[in-house]
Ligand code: PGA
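Have a look below at one chain only, the form predicted on its own, in structure tokens format.
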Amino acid sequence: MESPTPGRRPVIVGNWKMHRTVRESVELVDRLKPLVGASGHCDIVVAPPFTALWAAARAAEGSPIAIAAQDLYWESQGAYTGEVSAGMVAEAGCRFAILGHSERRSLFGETSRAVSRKAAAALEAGLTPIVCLGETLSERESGRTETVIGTRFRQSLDGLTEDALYRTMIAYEPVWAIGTGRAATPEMAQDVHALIRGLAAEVFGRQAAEQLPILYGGSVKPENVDGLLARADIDGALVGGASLKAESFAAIVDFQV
């Protein structure tokens, strides 16, 4: 079985989506801290809802847990009712931002062009963008995975430089596996991760591509994380439902390869 490439530090990200109040978010961080306090083998990130970012960041101080926003807007300020800028989430204590999640794309009509503008804004604010890419079940079954991933990769990272890629992460999330309990096999995920790394080499150069962390997202659980992260091009996980319980998320953080 392949082994992860040395130099790419594993990253485990918990996306809480529209779950947890401020109080519940702080409680979840407090429960998680002793469970992952000695986890020095990977980076740990959680993404609470906007309302809880500041409180969660304060609760996570002194622990290995970093905070991510679930989205942001590309303008720094202005008449954009309901939007939140990269600078605002950075001030709240975020170090990362999840961008282009499939739910943003499918439910809110977010385009890859918009994602590229958000990624640029995140980088400008000192945040690490986690840019999500994935294909639907119909796209996979019709043999279009390579085409869809290629198009979304190029459009979602359009305008970024090679230097910017060193400060960026990609998350491959097959849409058909999100919240369905139907995860891609390690072999299926590895094939697409290798494809993404090849695209990164074409666009940004081999050296930048080799250092690019590519996470897998789609029904990641303690039971399947070891097999996924044992693959050469899978550098971590973007975890949904299993991140809402401290024990299950900590078990994923404690993966063994």
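When you see a residue number, it is the position in the sequence shown, counting from 1. Computed from a prediction, not measured in an experiment: that's the story for all the values here.
The protein also exists as the form predicted in complex with the named molecule; that form is not presented, and the subsequent description refers to it.
- The partner is not drawn, yet in the predicted bound form one stretch among 42 to 50, 55 to 63, 199 to 207, 219 to 227 has residues with heavy atoms inside 4.5 Å of the named molecule: 219 to 227.
- Taking the partner from the other structure, the named molecule in the predicted bound form has no heavy atom within 4.5 Å of any heavy atom of K118.
- Although the partner is absent here, G240 is a contact residue: one of its heavy atoms lies within 4.5 angstroms of the named molecule in the predicted bound form.
- In the predicted bound form, the named molecule lies within 4.5 Å of some heavy atom of K17.
- When the named molecule is considered in the predicted bound form, I178 lines it closely, a heavy atom lying within 4.5 Å.
- Counting a residue when any of its non-hydrogen atoms is within 4.5 Å of the named molecule in the predicted bound form, the hits in 95 to 131 run H101, E103.
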